[in-house]
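One chain follows as structure tokens, the form predicted on its own.
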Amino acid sequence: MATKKFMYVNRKAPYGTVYALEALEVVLIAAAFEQDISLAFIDDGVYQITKEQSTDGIGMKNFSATYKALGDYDINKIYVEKESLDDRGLTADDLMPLVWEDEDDDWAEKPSIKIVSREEMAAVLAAQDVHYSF
């Protein structure tokens, strides 16, 4: 039986709602069960993986450092829509350096984030068996 491909689509800003935190928790739980997981960051979801987040003044815990653990859970297919970055004045340099270790390449650290166009994102989404949208 073929393994199903699970896509977690993140469209919400990281703070102000529970969507981003709950999506991250669900992804980590699924990874513990060795699921084939991909993440997509679209619209305000791109803010979830920006560098140097601060929650000072909003009374919420800053959970952004948890994204750096994704590679430890073998989650290395992270897609960010370029148009969503562009619309928000962001570039790849504004994103956290999320990496994974390639055991076939002497545990070399490799980037997990792939910046893709809206058209490429549609193809990535179409290739998945199950979608969860947050």
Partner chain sequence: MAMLHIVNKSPFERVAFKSCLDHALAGDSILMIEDAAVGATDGTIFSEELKAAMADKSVYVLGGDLAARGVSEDRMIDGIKVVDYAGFVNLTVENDTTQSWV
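Residue numbers count along the first chain shown, from 1. Keep in mind that what you see is a predicted model, and the values were worked out from it rather than measured.
Absent from the display: the form predicted together with its partner chain. The rest refers to it.
message: Is it the case that Tyr47, even though its partner is missing from this view, gets within 4.5 Å of its partner chain in the predicted complex, heavy atoms only?
response: Contact check for Tyr47: yes, within 4.5 Å of its partner chain in the predicted complex.
- prompt: With a 4.5 Å heavy atom cut-off, would you call Glu52 a contact of its partner chain in the predicted complex?
  reply: The answer is yes: Glu52 has a heavy atom within 4.5 Å of its partner chain.
query: Though only this chain appears here, would Asp86 touch its partner chain in the predicted complex if you measure heavy atom gaps against 4.5 Å?
result: Because a heavy atom of Asp86 falls inside 4.5 Å of its partner chain in the predicted complex, the answer is yes.
query: Which of the residues spanning 94-132 lie within 4.5 Å of its partner chain in the predicted complex, based on heavy atoms?
result: The stretch 94-132, when checked against its partner chain in the predicted complex, contributes only Asp94 at the 4.5 Å heavy-atom cut-off.
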